[in-house]
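Next up: just one chain, as C-alpha cells, the form predicted alone.
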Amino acid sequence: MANHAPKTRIIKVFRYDPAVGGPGHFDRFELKTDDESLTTILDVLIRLQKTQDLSLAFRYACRVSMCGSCGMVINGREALACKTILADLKGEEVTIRPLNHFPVVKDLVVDMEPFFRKYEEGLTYFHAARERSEPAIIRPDSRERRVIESSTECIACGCCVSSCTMANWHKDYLGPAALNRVFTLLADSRDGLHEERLARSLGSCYHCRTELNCTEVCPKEISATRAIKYIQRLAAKEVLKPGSTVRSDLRELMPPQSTAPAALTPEPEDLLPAVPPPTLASRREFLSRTTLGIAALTIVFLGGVLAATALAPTLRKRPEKWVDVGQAEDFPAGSVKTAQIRYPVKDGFYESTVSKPVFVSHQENPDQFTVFNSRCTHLGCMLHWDDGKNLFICDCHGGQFKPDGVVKAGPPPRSMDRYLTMVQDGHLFVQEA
C-alpha cells in the first residue's frame, strides 16, 4: 500500500517580472503535503501563492484537464498542472517553468497569441462544400468518424507546440496543434476548402521531423504526428492520381520525385488508417498497425516518415499485468480505502512509471475485494469517497456513485470502472494493461 506520510518537497518555480525584464530566474520554495497521491501541481501552486508568495502568477480554470489553461513544463516535460500528481514526480526537487516558444507574460503565464495566429493561418475553421437544408449525417461508428475521433479532443493547451523542436527553427511552421485540426477537416467529407487547406498546411508538414514529442506529451493522448503524416499521404495521392487537377502551387510543395509506380498509388480508402471500433488507435497502436503499410509510400515520397517506421517492431501492444495494490490486511472488511498503484510502462524507446489512485472496497467476505478507477465516468474528474454520505462523489459536476459503483446522481452516464482483482500470498493485485 502506498505511503501517505507527510512529505516536504523543494519546489523551484520560474519567475519573470515584466516591470524588471531580464532573462528571469527560479525561486526556491519548501512545501509540506500530507498526501502527495492526492495533490496535483496545480494544488501546489495555489498553496504557494496563498501561503508564501501572493505575487506568483499562473493560469488555470476548470481544474479537470478540460480547458488547457494550466499547461506548463514540469520537471522538463510539458503537462497540465491540474493533471500532474505530485507523487508521480521523482526526486526531492520539482521544477516548474512556462511553456517553450511562447512570450512570457509573467512567471508561468505565457502569451498564446502565436498559437492561435498559427491556428488561423491553417484555415482551421469549417466551411461547408455546399449548402444543406438539413444537417449532414455522419454516424458515430462510421469509418470517417473513427479516423478523426480522438483528434477532435484537442483542448489547445499548447503542450505539443512547446515540446516541438521544429517550432523553434521554422517560424512559419503551423505547429502540431494546428495541423491536427487541419487533419480533422481534410478527413471530413463535408469540407469545402479541401484544396486550399491542403495547400496551406502541406509546407508545414515537411518541417516535421517525426520526433514524436508532440504525441508523447499530449494530455489528451492525441497523436499530432499521425495527423501530419495523414496530410502528407493525402497530398501524395491527390498529386499522383490520373487526371489530377490539383493546383501547381500544391505540386510545388511536394518533394521532387520521379513518377511513382502505379502499385504505390493509394486508393481513396487507403488514406483512412484501418482502425477497429469502438475507439481510435492510440499512438502505440497506430504506429504498430499502420507504419509498415505507410513505409512503401514514404520511401518514394515522404522521407520524413522513415524515422517512425523504424519504431514499428518495438511498439507492440503491452501485455496485461498484475499490479500489487498492497497487503490485503491493510483494507479492513466493510471499508473503502484509497491506494496508490505504480507500475513501469515502456512505449518504444520511452520508459516511464504510471502512478494512479484507486478505491479499494472490502466486503464482508475475507477475499472479496472490489477495486474502482478513481476517475469519474463523465469527464474523467477525480472522485473522492465520503464516509459520512457513504458515496463516491465528483465535486466538479455533482456526480454521485453508490458503494457498489452504480450511479446515484448524474451526470455520469454509467457505473464506475472496475479492475479485475486477485489475492495471492496475502497481497491484493489488480490487472492493468
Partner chain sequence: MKKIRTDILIIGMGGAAQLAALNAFDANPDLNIVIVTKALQGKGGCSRMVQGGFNVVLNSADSHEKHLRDTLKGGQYINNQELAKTLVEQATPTIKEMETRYGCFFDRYPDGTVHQKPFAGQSFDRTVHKGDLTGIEIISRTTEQIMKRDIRILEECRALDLLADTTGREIVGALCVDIKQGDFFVVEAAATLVATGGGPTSYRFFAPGPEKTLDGMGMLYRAGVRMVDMEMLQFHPTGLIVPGSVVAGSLLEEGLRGAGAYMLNSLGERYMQRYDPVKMERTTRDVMSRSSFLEMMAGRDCEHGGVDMMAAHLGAEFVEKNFPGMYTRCKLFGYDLARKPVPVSPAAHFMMGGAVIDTACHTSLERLFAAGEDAGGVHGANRLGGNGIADSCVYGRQAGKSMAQYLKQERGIPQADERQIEHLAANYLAPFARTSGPSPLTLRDELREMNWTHVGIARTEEKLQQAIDIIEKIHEEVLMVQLTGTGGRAYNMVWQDWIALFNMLDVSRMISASALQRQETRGAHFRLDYPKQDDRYGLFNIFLNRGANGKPILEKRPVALKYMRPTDVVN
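Residue numbers count along the first chain shown, from 1. All values derive from a computational prediction rather than experimental measurement.
Note that the form predicted together with its partner chain isn't included here; everything after this is about it.
May I ask you to check whether Lys90 falls inside a 4.5 Å heavy atom distance of its partner chain in the predicted bound form?
Lys90: no, not in contact with its partner chain in the predicted bound form.
So, Leu379 and its partner chain: in the predicted bound form, are they within 4.5 Å at any heavy atom pair?
Outside the cut-off, so no.
Since only the chain is shown here, I'm wondering whether His127 would be in contact with its partner chain in the predicted bound form (any heavy atom pair within 4.5 Å).
Because a heavy atom of His127 falls inside 4.5 Å of its partner chain in the predicted bound form, the answer is yes.
How about Ser335 - does it come within 4.5 Å of its partner chain in the predicted bound form, if we only consider non-hydrogen atoms?
The answer is no: Ser335 has no heavy atom within 4.5 Å of its partner chain.
Please tell me whether the candidate spot formed by Ser374, Leu383 and Met422 is one where all three residues come within 4.5 Å of its partner chain in the predicted bound form (heavy atoms).
Spot residues vs its partner chain: no contact at all.
Only one of Glu196, Glu329, Asp324, Glu120 gets a heavy atom within 4.5 Å of its partner chain in the predicted bound form. Which one?
It is Glu120.
Using heavy atoms only and a 4.5 Å cut-off, determine which of Leu31, Cys396, Ile46, Ile393 is in contact with its partner chain in the predicted bound form.
Exactly one residue meets the criterion: Ile46.
Which of 336-344, 134-142, 199-207, 353-361 sits within 4.5 Å of its partner chain in the predicted bound form, heavy atom basis
The contacting stretch here is 134-142.
Going by its partner chain in the predicted bound form, which residues of 80-105 come within 4.5 Å of it through any heavy atom?
In sequence order, Cys82, Lys83, Ile85, Val105 come within 4.5 Å of the partner.
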